[in-house]
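So this first bit is one chain, no partners, the form predicted alone, shown in structure tokens.
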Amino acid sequence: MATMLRIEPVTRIEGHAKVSIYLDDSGAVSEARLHVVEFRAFEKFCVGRPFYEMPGITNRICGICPTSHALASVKAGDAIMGVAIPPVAEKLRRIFNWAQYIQSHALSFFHLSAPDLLLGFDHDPATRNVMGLIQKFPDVARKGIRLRGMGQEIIRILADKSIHQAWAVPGGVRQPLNAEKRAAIQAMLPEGFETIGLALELLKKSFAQFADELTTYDFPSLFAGLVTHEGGLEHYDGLLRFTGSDGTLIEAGVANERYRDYIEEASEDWSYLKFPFFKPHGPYNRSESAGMYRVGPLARLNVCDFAGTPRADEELASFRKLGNGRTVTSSFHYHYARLIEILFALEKIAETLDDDEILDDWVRAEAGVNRLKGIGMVEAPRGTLIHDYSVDRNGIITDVNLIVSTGHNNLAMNRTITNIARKYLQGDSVTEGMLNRVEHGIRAYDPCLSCSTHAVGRMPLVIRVISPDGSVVQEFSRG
């Protein structure tokens, strides 16, 4: 008799979701599905608004990554205005983005995933959270909290607010950096380097105990991310590159405005999250996943030829030894990739602040509507983020398409939890450790589903085994 197990809600992610695990007549797992159950509708209610309002509206899509949405939005506005922003404005935007990487990746690693990585998947769920981490590893937890705070403080120094800022605008930014603020940011960086060194050491020491996860999370796919024109690691601006699982270049560098030639979106009736896929590999087929690709930290380190800073390049070389020498295909190593990107961000912030041009006060270009379409693409911490706007001659939005980072990873997340369920679920026997492993398969991608984060305590969770006639065969609950 075919049955279904449901995990609801999934905990320690940013937002609300549930998982259904489908069993076939023999009791084996046939499929696992991640249901994103929130409906946001930004693509619709933004229609009719002036394009210059879009950064303020869309950065409220999420309280964790408003900076990413603001930057994608202002870049779309730059394109509509047809301007090249002042050089210092681009540098300031880049620091803004790297600070976002520090705070977001620190949240993902220290608050959401470290309880699993440092305490263990089978640890008591009552303390398998940041509070339990504080009890067992107080220094690590404290440094992780301070590292995230550092990223938020850099954003606040630049934009006067740490979330939902109105600082980045079409044409540049609203205010320059002064010497006092530069010194304040520079003073924070040494502690950041110390903390990320500790985190890298702890994570790499933990790999031996996760041999099963390293293989369970491993599967072939394409990878996508922005690179510089030279092929380097890129977070703010660049060409969109696609590579294969073996590192083969599928598309070496696609101009941002041509993304629709390569990415198409499909939908399923059981999730509000769309299913982007690589269009040149044929029509959408979820079961075969021929067009599946991954984005985010793992993908960015796979598609780039180099990082471009000394310490990050050294870690990148070590990272690639975990794969075939070029590509790492286990999604478990998203955690390692995040820490390398924090290191890279710290190095790039230090390097950029050392340039005296950073104090230039020409930070904004002025213009009106010169084009009726604008596409803004950045690398958000979780992956490639696309804002695509159409406007009329008065600059009023007539159409919006948003492809968020988590959406790109939708097919891969479903593949990951299916692999985990097939390995750890026997019949309809449900254990706490199995549930947490399924949840962690999602947390590895650090999905951002809304502004809500569940980081502490035991969330209510219900799993039901349901027969084809709709009756409940078994129920498991916690919380």
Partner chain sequence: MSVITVTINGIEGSAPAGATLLEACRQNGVELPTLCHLEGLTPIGACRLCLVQVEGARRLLPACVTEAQEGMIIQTHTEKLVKYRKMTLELLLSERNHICSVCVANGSCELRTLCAQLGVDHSRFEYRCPDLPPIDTSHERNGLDHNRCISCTRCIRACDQVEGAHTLDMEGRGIENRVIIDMHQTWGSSRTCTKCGKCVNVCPTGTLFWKGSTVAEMEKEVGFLQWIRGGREKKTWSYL
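Numbering follows the first chain given and starts at 1. Computed from a prediction, not measured in an experiment: that's the story for all the values here.
Heads up, the form predicted together with its partner chain isn't pictured, but that's what we're talking about next.
Against its partner chain in the predicted complex, the set Gly48, Arg60 and Ala166 is in full contact: each member has a heavy atom within 4.5 Å. This chain is drawn without its partner chain; in the predicted complex, the residue among Ile396, Leu372, Leu198, Ala184 with a heavy atom within 4.5 Å of it is Ile396. For the residues Gly376, Pro276, Pro170, Gly225, the 4.5 Å heavy atom test against its partner chain in the predicted complex is passed only by Pro170.
Note on the interface: of 248-256, 349-357, 88-96, 388-396, the segment with non-hydrogen atoms within 4.5 angstroms of its partner chain in the predicted complex is 388-396. Taking non-hydrogen atoms only, Arg320 never approaches its partner chain to within 4.5 angstroms in the predicted complex. Contact check for Glu43: every heavy atom lies farther than 4.5 Å from its partner chain in the predicted complex. Contact check for Tyr52: a non-hydrogen atom falls within 4.5 Å of its partner chain in the predicted complex. Put simply, Gly56 is close to its partner chain in the predicted complex: some heavy atom of it is within 4.5 Å.
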